[in-house]
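Encoded as structure tokens, the following chain is the form predicted on its own, with no partner shown.
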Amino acid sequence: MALIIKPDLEHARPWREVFLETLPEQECREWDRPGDPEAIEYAFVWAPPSGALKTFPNLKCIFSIGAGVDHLLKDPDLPDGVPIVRMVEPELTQGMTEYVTMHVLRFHREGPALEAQQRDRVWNELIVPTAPSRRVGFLGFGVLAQDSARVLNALGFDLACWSRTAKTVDGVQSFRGADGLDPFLARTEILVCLLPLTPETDGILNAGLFAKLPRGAWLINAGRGGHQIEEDILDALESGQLSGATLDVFRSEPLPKESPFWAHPRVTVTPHIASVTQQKSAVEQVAANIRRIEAGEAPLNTVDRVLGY
């Protein structure tokens, strides 16, 4: 029985050491040293090459290193019938909550405008409303978004969410489905995208959607680069339909040096670090699921391949 690991960065050895400490009964192999493929029963991976997982005939479960699983589901040769588990771990959630809260507050308190005033040596008192008068909306309302909403709710923000199915969370107005999208957008001044990337959500952040937001809204995308039509973001900023954007993800990563986002005065670029899987807490979640499987139980946080999350 062996586990094979393929981290998203060149950090395989530290991951392996954490697995050996947390799950000593499990042999842990690095991606470039797989050994006998028939011995591999578990895979802990990020963006493996297409067809690679199919070479392990006895695979019992595939664990995604990140919260998203689009990097796995795009593989046309992904083994059928093998459970896929998305990463749900407390520090990943904490990191996203910190990121979303920071950028919501920055837009809410006119941080970019104040920074511009400082550069221009302008003393102009910008008066902003307090949180109860600011309407924040979440596109997608899974584990990460719900925890971010918990903190923003404690600060008093007027919150709403839009998702495939209705949600019931104290302090958050829920909109659902195609009929709920337009009224959700109409009431949202700061839009936070934390959707999974599926065929239905690919390109959802586009000119048509931006036009339904109040003029001068702000955008925070910490979901996936595939959600955004980047030319439409630039056009919405130019027209004033969007006042600003914080983008952690892009269709091409690393973001090309020639991208206009780098120097845009109303765009904050972060290098896909809104929330990063933490080794110790992530391995603890994987170890717990492996032990569940070995005990004959179903793993937690499995993915619906049809829905894409």
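Predicted model only: the values in this text are computed from it and were never measured. Residues carry their position along the shown sequence, with the first being 1.
Omitted from view is the form predicted in complex with a small molecule, to which the following refers.
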{"item": "Position in contact with the small molecule when the complex is considered in the model of the complex, options Leu219, Leu194, Val136, Ala149, heavy atoms within 4.5 Å", "value": "Leu194"}
{"item": "Sole residue of Pro83, Pro79, Gly142, Pro112 within 4.5 Å of the small molecule in the model of the complex, by heavy atom", "value": "Gly142"}
{"item": "Every residue of Gly68, Met96 and Ser163 near the small molecule in the model of the complex, heavy atom within 4.5 Å", "value": "yes"}
{"item": "Thr246, heavy atom within 4.5 angstroms of the small molecule in the model of the complex", "value": "no"}
{"item": "4.5 angstroms heavy atom contact with the small molecule in the model of the complex for Arg266", "value": "no"}
{"item": "The small molecule contact in the model of the complex: Lys167, any heavy atom under 4.5 Å", "value": "yes"}
{"item": "The small molecule contact in the model of the complex: Lys60, any heavy atom under 4.5 Å", "value": "no"}
{"item": "Segment assignment from 103 to 111, 123 to 131, 230 to 238, 199 to 207: heavy atom within 4.5 Å of the small molecule in the model of the complex", "value": "199 to 207"}
